[in-house]
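Next up: a single chain in structure tokens, the form predicted alone.
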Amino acid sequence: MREKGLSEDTLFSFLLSKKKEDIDHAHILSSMCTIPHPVAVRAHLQFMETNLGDPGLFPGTTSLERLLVERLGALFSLPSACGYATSGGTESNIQALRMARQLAGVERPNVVIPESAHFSFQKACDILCLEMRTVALDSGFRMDPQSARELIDRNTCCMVGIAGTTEYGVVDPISELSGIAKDLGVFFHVDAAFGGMVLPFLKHSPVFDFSLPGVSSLAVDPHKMGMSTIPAGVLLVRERESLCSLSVDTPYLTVKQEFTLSGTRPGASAVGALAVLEFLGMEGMRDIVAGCMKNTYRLIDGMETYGISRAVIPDVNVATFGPARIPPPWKVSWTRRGHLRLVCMPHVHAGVVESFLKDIGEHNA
């Protein structure tokens, strides 16, 4: 640490020089995060100093977190849902498995998870000492329900389904999985970190939420398609008792128990998430999602025109393809199976898609 601090001009000149080294969003086609909506940024700045970890000190901010949970609960067919603002899908998924393990009360718990699951589940299982049983995928890269059923036994504390997989943008057969969970009495967590802010705004999409009686909990990330500031996730549960099973004593705070994973929790990004929902409403979100899906289909059509076949028809705005040469400065990613993966987030507008297709055509002729 410096003995004498820098001037403000010098400091921010240095910081700006480093920010300029970051990749311009105009060329990022691999990320499930996007440029925050202006109202999210404005709300974030207004609530920078708030800490949801000590709610008695910030009752107004805490009420906004409750409103966020209420809005998302209603969106996912359960207005009475309980939950809280997390740092994102990783924390939400860890907490869901932690709840399931606590509620099951078995000595050697295992969880049944699709091969397509986000890597956060590997972290969760390592932390919680859970056996992870991986379910094979079908030809459409979705979890196979019968294979999942066969892996469940008396020590299974949780089954996981994905609504909008990270790699292929497809939705597992959540309805069938819900039925299995209900029949066998297994806690069923739906990871809708990405798809949760896409699927409700499509005219025709697979059912994945609390309207299915077997769904116990659900994770969604407003900092993805919800265009909030980072970090902003939400964990929702059907039964309040599930969250209460995680409570620990916090004697020196304004609340005497808490069930969250993080102690100090930023109110700013949670309020930013709510601000976008309130500002856009259902109509605005439908328009945003429709634009992203239109660009996704245009991207698929354009790539196939050049002989680069899609890997699967996606349910959300993620497109995957066979081999292709990618010219700079485009930033893309690849799935574990070697498919080219592109995500049409709000910053990937029609002009970006056309520019990318032009470059692809020139380099794959």
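Values in this document were obtained by computation on a predicted structure and should not be read as measured data. Just count from 1 along the sequence shown to find any residue number.
Same protein, other form: the form predicted in complex with a small molecule, not shown, and the subject of what follows.
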### Message
Counting any non-hydrogen atom inside 4.5 Å, which residue from 133, 98, 238, 118 sits next to the small molecule in the predicted complex?
### Response
118
### Query
Here the chain is shown alone; which of 156, 229, 178, 93 has a heavy atom within 4.5 Å of the small molecule in the predicted complex?
93
### Query
Can we say 172, 206 and 315 each have a non-hydrogen atom within 4.5 Å of the small molecule in the predicted complex?
no
### Query
Pick from 101-109, 133-141, 82-90, 276-284: which stretch has a heavy atom within 4.5 Å of the small molecule in the predicted complex?
82-90
#### Entry: Contact label in the predicted complex: residue 32 to the small molecule, heavy atom within 4.5 Å
yes
### Query
Is residue 272 a contact residue for the small molecule in the predicted complex, using a 4.5 Å heavy atom cut-off?
no
### Query
Should residue 166 be counted as a contact of the small molecule in the predicted complex, where contact means heavy atoms within 4.5 Å?
yes
### Query
Even though the small molecule is not shown here, does residue 224 get within 4.5 Å of it in the predicted complex, heavy atoms only?
yes
